[in-house]
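We begin with a single chain expressed as structure tokens, specifically the form predicted alone.
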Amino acid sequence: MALSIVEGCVNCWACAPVCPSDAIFEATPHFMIDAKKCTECEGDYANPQCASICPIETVILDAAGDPLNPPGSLTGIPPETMAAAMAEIQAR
């Protein structure tokens, strides 16, 4: 049982201070989670705090490798319509 941070993390420092287990540490090229320390916030919070505050989708994974913030969860834009939304924004 441990979460992980993958490529896409922008090293914004949001997650490290909220981790009750001090499992998150700065690394290159992005922050990492010490699997031996990570408790997934069990016993402290209802939801993993790092994923609750992370502003980037798909960079914090659960033990099964599934993103806790899947595509569209933060933007509210379903993945299937993201390309059209990006084209519309860039056309402005």
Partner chain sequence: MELTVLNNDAGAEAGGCSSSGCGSSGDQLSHLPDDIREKVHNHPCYSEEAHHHYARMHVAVAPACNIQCHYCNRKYDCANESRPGVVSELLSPDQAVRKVLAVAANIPQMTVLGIAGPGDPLANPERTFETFRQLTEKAPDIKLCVSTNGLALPAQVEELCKHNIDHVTITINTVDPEIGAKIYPWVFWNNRRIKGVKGAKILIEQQQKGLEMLTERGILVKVNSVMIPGVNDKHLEEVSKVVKEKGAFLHNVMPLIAEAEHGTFYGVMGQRGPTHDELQDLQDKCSGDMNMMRHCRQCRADAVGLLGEDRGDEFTMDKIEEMEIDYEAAMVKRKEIHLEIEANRKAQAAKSGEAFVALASLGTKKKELRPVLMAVATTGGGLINQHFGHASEFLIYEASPTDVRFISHRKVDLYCSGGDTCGDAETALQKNIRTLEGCEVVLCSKIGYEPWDMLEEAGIQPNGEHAMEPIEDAIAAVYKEMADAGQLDKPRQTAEAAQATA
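Positions refer to the first chain, counted from 1. Superpose the two forms; the largest set of C-alphas matching within 1.5 Å is the rigid core. What you are looking at is a predicted structure, and each value in this text was computed from that prediction instead of being measured.
The same protein has a further form, the form predicted together with its partner chain, not shown here; the description that follows concerns it.
At the 4.5 Å threshold, heavy atoms of A46 reach its partner chain in the model of the complex. T39 falls outside the set of residues with a heavy atom inside 4.5 Å of its partner chain in the model of the complex.
In the model of the complex, its partner chain sits within 4.5 Å of a heavy atom of S73. Under a 4.5 angstroms non-hydrogen atom cutoff, its partner chain in the model of the complex has A51 among its neighbouring residues. Shown here without its partner, the chain carries I5, S21 and T28, none of which come within 4.5 Å of its partner chain in the model of the complex through any heavy atom. With contact defined as any non-hydrogen atom lying within 4.5 angstroms of its partner chain in the model of the complex, the contacting residues in 73-92 are S73, L74, T75, I77, M82, A85, M86, I89, Q90, R92, given in sequence order.
Superposition on the rigid core between the shown form and the other one places the CA atom of V10 less than 2 Å from its counterpart. For P70, the Cα coordinates differ by under 2 angstroms between the shown form and the other one after the core has been superposed.
Once both forms are fitted on their core, the CA shift for D22 between the shown form and the other one remains under 2 Å.
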